[in-house]
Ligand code: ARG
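In structure tokens, the next block holds one chain alone, the form predicted on its own.
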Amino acid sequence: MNLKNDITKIIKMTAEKLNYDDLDKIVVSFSNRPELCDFQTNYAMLVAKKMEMKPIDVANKIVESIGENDDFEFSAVMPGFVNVKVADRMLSKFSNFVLNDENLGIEKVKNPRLVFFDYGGANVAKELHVGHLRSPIVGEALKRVHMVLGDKTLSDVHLGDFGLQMGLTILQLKLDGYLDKFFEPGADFLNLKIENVTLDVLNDEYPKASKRKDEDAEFKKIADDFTLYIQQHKEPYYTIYQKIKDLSVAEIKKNYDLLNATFDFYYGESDAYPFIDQTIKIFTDKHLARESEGALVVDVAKEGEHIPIPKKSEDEPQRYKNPMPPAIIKKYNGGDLYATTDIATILMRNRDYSPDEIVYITDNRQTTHFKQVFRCCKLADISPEKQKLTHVAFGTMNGKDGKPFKTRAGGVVRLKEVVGLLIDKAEQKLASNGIVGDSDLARKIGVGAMKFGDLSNTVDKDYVFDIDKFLAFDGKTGPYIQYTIARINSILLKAKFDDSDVEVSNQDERNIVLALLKLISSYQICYEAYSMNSLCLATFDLASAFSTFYNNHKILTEEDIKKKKSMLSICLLVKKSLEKALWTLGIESVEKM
């Protein structure tokens, strides 16, 4: 049941009966003047000139031809809008349909697809930090909105476990004496333990190595070689790598559990490694790769992206306007790069699952990288023509100073420190409401506040991480939505409510159902835009409409039993709809606050 579609059909049938053209221009939208009407269309203004008529005359003709309608009231207003007001009986009918519908009125896509989501992107041997927050938050929500609309989904954390950070970490551990036993003659690698190496040690060793590589070329070269040895399964480097990976992944999973981010697979770059040689062979067999300074590259520039700038002398290097650099698929020393493993990963996923779409969620600094990878896959037919490859590039999470969020000392904030800070703040808020010692409730509220604050923004924009603002129990925040659900739980519990029909009878109830209509339509908007801000806004609007209804009506003390049951049914309708919205956003609902 879709009221907007019903209205559109009525107007289209009428315009067709009047022999009007351009029926595809009939678009019904929610009114931006809710005091005047619920829906409207500007179709008359779009076609009037072609018809040599005034827009208001076209609108009037449509309204006159529709005539009386029990479900919708049509009217023509200057300069040429057709306004529509939905009858109370129709809003009641719609409310009861949603209340009893398995998907709460949200229409599923006509042609469900298999969509593979790649998000998370944690690096093995490196502590998750604040920069790792947005990928699981955005990725989990986008995956869930596809699930709600009927797509099948798969998700992979895609660990960074085969790159230079592994070579750097192992080299630094070796130099600092942690790995001596592994390099003794006849060492039993499998049964050896990496002594005294903890996550805290890894958190110290990698930054130390990363800094040194920028200052010491020989150190960087050895780290490159160590990385290659890992990729070639050369011992003892590969066994050391596996032990470090096991240690890291256990902690990574704990962090993602805190964020309520779930994955079907905990694959990494290493899982794509068996497909590397096949990937390289595809490009060489199809003559798509060429050698450049000892490396193997693929030209992916399109016309207009790689325009040579005339040289002033023969010795001057060639430069280009608007360059799209070639993708490097094999390094000078035979090692593989991120582009290679990402292409090989797509090859692996298509072999195993053949998804209709693969969606990557990373920060916007990787835009060029994914353009190169996607173009390589299409050039080599590794990605079929019909398969959609999508990169969702998100902006930066900044502090109140507008700069990337950091510690007071200027260091990178660890992810678990951010979550811990949110939980502490939530516990303080709950204590002021008389709830003490419920750490799980504090976690749900704290993490939910952060997620809602993040997802309320357009995904590609930077935003300010403001804990106090996010944790407010009023306003456009996660806790406000959770509090609304907790309030409704209390009402339904006190009323010992069973079941009844909704009968819309006043403006406050109308506003709730109209807000619900907007919430339902926001799922499709988010699905198409790969951004969850529309759902966040619509969820707040429904909670806000309920708050007004709650403040203006004495639900539990209403003497008219039929009216009371109807109001309780509205409460249940709002509760279910808000809970589904929060679930889609990856936020947990709460029973009390």
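Being a predicted model, the structure only gives us computed values, none of them experimental. Residue numbers here begin at 1 and follow the sequence given.
If you look for the form predicted in complex with the ligand, you will not find it shown, but the lines that follow are about it.
S.K.: Taking 4.5 Å between heavy atoms as the contact cutoff, choose which of 396, 372, 457, 362 touches the ligand in the predicted bound form.
M.R.: Selected option: 362.
S.K.: Which residue among 231, 500, 387, 123 has a heavy atom within 4.5 angstroms of the ligand in the predicted bound form?
M.R.: It is 123.
S.K.: For the interface check, one of 323-331, 430-438, 102-110, 337-345 should have non-hydrogen atoms within 4.5 Å of the ligand in the predicted bound form; which one?
M.R.: Of the options, only 337-345 has residues within 4.5 Å of the partner.
S.K.: Contact check in the predicted bound form: 34, 507 and 541 versus the ligand, with a cutoff of 4.5 Å between any heavy atoms. Do all three pass?
M.R.: No residue of the spot touches the ligand in the predicted bound form.
S.K.: Using a 4.5 angstroms cut-off on non-hydrogen atoms, would residue 355 count as touching the ligand in the predicted bound form?
M.R.: No, residue 355 is distant from the partner.
S.K.: Using a 4.5 angstroms cut-off on non-hydrogen atoms, would residue 160 count as touching the ligand in the predicted bound form?
M.R.: The answer is yes: residue 160 has a heavy atom within 4.5 Å of the ligand.
S.K.: Indicate whether residue 140 is a 4.5 Å heavy atom neighbour of the ligand in the predicted bound form.
M.R.: Because no heavy atom of residue 140 falls inside 4.5 Å of the ligand in the predicted bound form, the answer is no.
S.K.: Is residue 489 close enough to touch the ligand in the predicted bound form, meaning at least one heavy atom pair within 4.5 Å?
M.R.: Outside the cut-off, so no.
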